[in-house]
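Next up: just one chain, as C-alpha cells, the form predicted on its own.
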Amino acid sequence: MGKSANLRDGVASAAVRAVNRISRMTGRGSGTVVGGRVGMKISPNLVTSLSRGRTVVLVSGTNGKTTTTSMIVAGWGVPVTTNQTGANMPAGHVAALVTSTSSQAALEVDEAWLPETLAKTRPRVVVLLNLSRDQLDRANEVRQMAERWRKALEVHNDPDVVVVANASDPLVVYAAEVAANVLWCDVPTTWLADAVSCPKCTLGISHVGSQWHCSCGFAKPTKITTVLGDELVIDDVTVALDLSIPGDFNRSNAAMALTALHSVGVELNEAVVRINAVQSVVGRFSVRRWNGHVLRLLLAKNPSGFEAMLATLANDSSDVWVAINARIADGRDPSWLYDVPFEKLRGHRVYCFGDRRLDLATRLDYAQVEFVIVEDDAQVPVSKETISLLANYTAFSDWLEKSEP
C-alpha cells in the first residue's frame, strides 16, 4: 500500500471517529453509520484496509445474526471488534473496525451485502445461518439470495476460508456446497417453508425427520457439528450446552458460533462456558419493567423468527403481548403475518400493540385466538406474572426504550 493510500485511510478513519462522536453528542444517532459513510467517501476501500491483518469472522442469514455474532464475541475470550449495535452494512462495519485495534473481528452482515463484504474483508470464517422470507417490500426472493451467495462463494473459493454452514437448510446447502472448505452443522431448523422445492431441479424436497433429499441427488450433507439435546458434538468432541437464553434456535446459533470458534483455534470447553453465560443480546431475551409490568422482550421480525419465539412460550393460558409496526426498518408490507403460525397461541389471550395492531388482531381472529386491541397502553391490567412480549424491529426498539431493567 502506497503512502498516499495510507494517508487517505488515516484521514478517513479520523473522519469516521469525529463524525460519529458528533452524531452521539448531538443526539442525532448512535454514531455507527453516518461516520462510516463519510469514511468510505474519502477512502472507498476503507473496509479492506481496516480488515487487513485481522482474523475476521462474518455471520450472515435471515435470522440469528446478532445473537450468533454476540456468542462468537463472548466465546472467543479475548477482545473482539464487532458491530454490536446491529449496523450490518459496510458503513457499520467501517465504524466498528475503526473503534478497535483488536486483531479479532466478528461482524454480522446483512444477507444482501454478504457477497461484497466477503470480497472486501477476506475473512477467515463465514457463518451461514439460514435463508427465509423477510421484508417483503424490498427483499429479493429467497432463492435469488441463495444464488447470489453461491456465486460469491464460487468467485472467492479460497480453501483458507472456512464456511460454517447450516446443513439442515437446503437453500444454505445450495449456496455453500461450492466452497472449498465447508464445516456442516446439523442443527435444529424448524422453518423450511421457503425450501420445499429443490433449488437445483425445482422438484419437491422430501423431508423425513431431520433428513432431506431430492430425487435429483441433492441431499443433506455429512455433518461435522451435531446438536443432541443439550449436548453439542464437534469433531467428536462433546460439550454441554446450558444456555441462559431460551429456544432450540439459540442452541443452533450456539452450535454454529462454537464451530466457527473451533475453526480458529479457540478451546471448545472454555468457549462453551462463556457462551452459556450470555443472558441477553442487545436487550433480546432480557427481563424489563414498565408501568408495573414485568416483561420478557423477544424480537421476532418475520415468519421464521415468530415461529421460533412462539416455541419458547409456556403451554398454559398466560397472557402474551405482541407489538407490530411496519416502518422502514420493519418493511412496509405486513402481509407476512399470515405466514406466522399464530394458531399456536390458542389458549392464550393476546394483547395487540403497535402501529399495525389492527392487522395483527385480524390475523389472530382468523387463527381463532382471543385478543385485545390496545389503544391506550395505560389501560392494560397489571399482571403478577412475567409477560412475554414479542415485537418486530421498531416495535422492539420502542419497548426497549420505554422500559427499564
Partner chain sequence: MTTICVLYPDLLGTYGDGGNGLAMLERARRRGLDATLVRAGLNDEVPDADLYLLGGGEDGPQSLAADLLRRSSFASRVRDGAYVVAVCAGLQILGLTFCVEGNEEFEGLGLVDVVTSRGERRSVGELATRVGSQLLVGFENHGGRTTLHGAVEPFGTIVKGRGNDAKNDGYRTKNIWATYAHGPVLAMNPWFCDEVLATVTGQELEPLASVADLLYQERCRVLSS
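Nothing here was measured: the structure is a model prediction, and the numbers come from that model. Residue numbers count along the first chain shown, from 1.
Not pictured, yet referred to below: the form predicted in complex with its partner chain.
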{"property": "Partner-proximal stretch of 274 to 282, 316 to 324, 238 to 246, 197 to 205 relative to its partner chain in the predicted complex, 4.5 angstroms, heavy atom", "result": "197 to 205"}
{"property": "Candidate from 101, 144, 269, 211 lying within 4.5 Å of its partner chain in the predicted complex - any heavy atom", "result": "144"}
{"property": "Residue among 335, 215, 222, 291 with a heavy atom within 4.5 Å of its partner chain in the predicted complex", "result": "335"}
{"property": "Heavy atom of residue 371 within 4.5 Å of its partner chain in the predicted complex", "result": "yes"}
{"property": "4.5 angstroms heavy atom contact with its partner chain in the predicted complex for residue 133", "result": "yes"}
{"property": "Distance check, residue 348 to its partner chain in the predicted complex, heavy atom within 4.5 Å", "result": "no"}
{"property": "Residue 45, heavy atom within 4.5 angstroms of its partner chain in the predicted complex", "result": "no"}
